[in-house]
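Below you'll find only one chain, the form predicted alone, shown as structure tokens.
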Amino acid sequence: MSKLVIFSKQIINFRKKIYVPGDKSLSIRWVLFSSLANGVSKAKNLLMSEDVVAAINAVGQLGIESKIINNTCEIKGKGLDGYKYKKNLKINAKNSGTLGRLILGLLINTPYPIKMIGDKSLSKRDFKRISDPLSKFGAKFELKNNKNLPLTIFGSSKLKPIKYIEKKGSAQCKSAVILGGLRTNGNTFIKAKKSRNHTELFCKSLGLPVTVIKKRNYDKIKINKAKKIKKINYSIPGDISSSSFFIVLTSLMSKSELVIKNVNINDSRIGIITILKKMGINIKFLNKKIYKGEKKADIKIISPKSIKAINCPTNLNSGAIDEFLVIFLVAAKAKGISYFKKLDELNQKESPRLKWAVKILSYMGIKTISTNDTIKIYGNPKLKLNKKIVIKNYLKDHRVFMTSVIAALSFGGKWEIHDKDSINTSFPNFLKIINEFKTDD
């Protein structure tokens, strides 16, 4: 029997301050970099989701010890050549595309074959986009259907630098190649479409030999072999993707106000903020700071009197790719027709998210016109539901679940949403925070 939640009461308004858990992208990268560092690295507010635990377990299988004491995680790195490769090693990336793809860049020198597996959802995702560039370093790969997990990586002791053009705006592809370049003698060059730059900022804060030249539409990145990584003590700020659900909840309310404390506002991650501001949502950053190269701030949201439709600029796509599902809920309440395009990357996530967006909006009575990579949403500012909606069989995509919860609380109706355990991959205490809003009158 699928675990489900039922929502049948709409939230009216609220004034709140909340914290969200640590940023998932930073948490996984901290685990990977710390596993290669010299000495004991410590992280506070590490996101203890299934994805991050999978990363800790993965480096553990490579001989890297870790422990968690209260709210602090410690990882005992053994240096760049500290992985203990064993025969018949199997790494389970679970649901995490970030872990599954990035760690392959660190395994290209393995002397023994390593098998990587994942859950049902991750096993359907494209890993050829990673194996192709990493093969140029000298590693070899065997993939199911020449594309999917499980895969086996055969490393090389004679790695050679590469030149790579990243055209999709995938931070995971770019990051895997950067990590591979840190293992390889000589100059590796990447010309990358704009995407999240957490890996580059990590490298810069650690003084690693990675240089970035920013152009208008792409970045030129040069990587040399790293000699040493110093231990990394990190207090991880809140996750903007987790924050997005509460940002949208406030945007869909009337007479409401929310402050989300200490959130990562990296420029490559705040596409949702720019998009919602264009739609008339009042959002401000308070107490802005720079921490280890990353920007962080408190985010203040005030619910609007009305929402404007948007013809969304495609240059905002990569900075909001994980948030579009919930952004579409704002478009559903906008006055006019909103248009989003060049979103083919949305269907490369845990589920075909663009197709699920159409389904959810259709269940809500919102007209859409869509193709494989575009969607037009015909907004209804007076939308209020009084029917039953069932959400299930969505490959346990955590963002489908959380988007459905926000829709239920914002528009009413009776929602039966299955597979609540899906949130454990990224935001285990999501429903706990939601319950704080539901207690308000």
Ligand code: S3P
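On a predicted model such as this, the values are computed, not experimentally measured, just so you know. Residue numbers here begin at 1 and follow the sequence given.
Beyond the structure shown, there is the form predicted in complex with shikimate-3-phosphate (S3P), which is absent from this document and is the topic of what follows.
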- Task: Heavy atoms, 4.5 Å, shikimate-3-phosphate (S3P) in the predicted complex: which of 210-218, 97-105, 144-152, 230-238 makes the cut? Say which one.
- Result: 97-105
- Using 4.5 Å between non-hydrogen atoms, is residue 322 touching shikimate-3-phosphate (S3P) in the predicted complex? yes
- Item | Non-hydrogen atom contact residue 295 with shikimate-3-phosphate (S3P) in the predicted complex at 4.5 angstroms | no
- Consider residue 170 of the chain shown here, and say whether it contacts shikimate-3-phosphate (S3P) in the predicted complex, taking contact as heavy atoms within 4.5 Å. yes
- Residue contact check: residue 25 to shikimate-3-phosphate (S3P) in the predicted complex, 4.5 Å heavy atom: yes
- Query: Which residues within 126-142 place at least one heavy atom within 4.5 Å of shikimate-3-phosphate (S3P) in the predicted complex?
  - Reply: 129
